[in-house]
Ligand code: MSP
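Consider the single chain below, provided in structure tokens and representing the form predicted on its own.
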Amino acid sequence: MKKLFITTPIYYASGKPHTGHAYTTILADVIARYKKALGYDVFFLTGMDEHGQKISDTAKKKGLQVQEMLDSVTKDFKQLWKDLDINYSNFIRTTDKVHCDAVQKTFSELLSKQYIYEGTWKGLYCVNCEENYTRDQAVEKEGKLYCKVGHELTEKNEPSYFLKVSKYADWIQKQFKEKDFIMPQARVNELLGSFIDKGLEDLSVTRTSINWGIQTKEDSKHVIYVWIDALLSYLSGLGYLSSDDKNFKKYFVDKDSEVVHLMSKEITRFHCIYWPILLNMLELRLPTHIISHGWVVTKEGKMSKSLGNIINPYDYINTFGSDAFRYFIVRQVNLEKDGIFSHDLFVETFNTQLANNYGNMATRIAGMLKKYFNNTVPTFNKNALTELDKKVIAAEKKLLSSVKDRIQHFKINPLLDDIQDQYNVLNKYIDDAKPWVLAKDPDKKDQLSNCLNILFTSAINLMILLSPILVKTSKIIEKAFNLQLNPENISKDWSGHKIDVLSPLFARVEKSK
């Protein structure tokens, strides 16, 4: 069986989850479900980044013990993933012992191989972004220096251990040339222009000015800095360097396992430059794909507390349902561009694609089967096919022939375009075939039978294709239609199949609501 190891980034545990977190996690879950449908053995990892100065500072401001705050934030993330039907295999926290042990052992290994050396770190640091800045990269306003997002930078001068990444500039450029190693291709050009071409500097990987983190075994004053700590969660989440490392061997070491890291574009540099270099130093294989999708933005820009445009997922989950939220998020994801989130666009997508196409098509077909065939799918007669029938069948075959390629290349949004196009074909088919007219003519019984058989089969195919996204709705359909929405039932002959009553699935809403 083919294998897939897919990850989200581990989310920083300084606040409640928002739509930006959901954006990546839903997409990862949907990809994992589609891959399972193609026969893959999937391991889906997500989790929390729980170390660093910002975590400690936030807990202090709230008057909480750090671990107490972290447990509360992690509980919120896990609850949201449960409410959104996120089916992860493991949830790794950087405070987990298995992770801390792996990080310490890895640091010691790199030190012994002389990939790490001791020095002094001088420079600018953003506590919020947990990122180092040079003077050239900083933005100056009224005599103060800020990061690209707008947080004030702190000047640092302290002892530090450094990772020798500078010697890998040529090597990493060669990796970038591998087809689909980094997706989309535009990210490669950004990385080359902004970082690689200007020369890689060795990376500071410890701090002596903070204490909330993983100490090195060699020197307790040094706390291992976020990017070695955080990135290694992709391995510790599989049991790397632990007594139980079977998942690590199965899903990462095995060259036949597809390894996919999914993230938002602002952390691409760390994943596409430092992570492959770190893996190379550890003599481990590289990921198959590093996928860097765009941001979810509002009319004010990228979501941020300072702009006041943070979107709470529950504002939409509680009103429209989790499936509608999952669908809209995936519908808006585009690897090349940012995804726009607006209330009006959400309602328009909900009404047009879920209420009108998915929901109305299902209830409309169920109603006709009840009225004309006693809740039974009629027999298909290929000798009585009309030109209209043939056009619908041809359009469906074209859609199904492209599905595997869409999934394999992570083109979920284009797949949804194809599905909506087929719904439009079915709507036009109903209007043109006029089954209510065929039902009045005894000589057109075979045409009516074919029409309802084709409509039911095609609708079920579309529901199967959408089941990795519409998790709860799919269960309702399965119960009402007495079937399983699984790949084995694609284009099955449903002649003689009995269905039950289907209630409306998505009720249209007004934009003002």
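All of these numbers come straight from a predicted model, not from anything done at the bench. The numbering used is simple: start at 1 and walk along the sequence shown.
Separately, the form predicted together with the named molecule exists; it is not shown, and the next lines address it.
Residue in contact with the named molecule in the predicted complex (any heavy atom within 4.5 Å), chosen from 126, 369, 296, 86: 296.
Interface residue among 264, 356, 349, 216, judged by heavy atoms within 4.5 Å of the named molecule in the predicted complex: 264.
Contact annotation for the candidate site: 23, 49 and 303 all lie close to the named molecule in the predicted complex (heavy atom within 4.5 Å).
Partner contact region in the predicted complex: 265 to 273, out of 102 to 110, 117 to 125, 437 to 445, 265 to 273, criterion any non-hydrogen atom within 4.5 Å of the named molecule. Shown alone here, residue 497 lies farther than 4.5 Å from the named molecule in the predicted complex, counting heavy atoms only.
Contact between residue 238 and the named molecule in the predicted complex is not found at the 4.5 Å heavy atom cutoff. Using a 4.5 angstroms threshold between heavy atoms, residue 505 stays clear of the named molecule in the predicted complex. Contact check for residue 231: a non-hydrogen atom falls within 4.5 Å of the named molecule in the predicted complex.
The partner is not shown here, and in the predicted complex the stretch 405 to 443 never reaches within 4.5 angstroms of the named molecule through any heavy atom.
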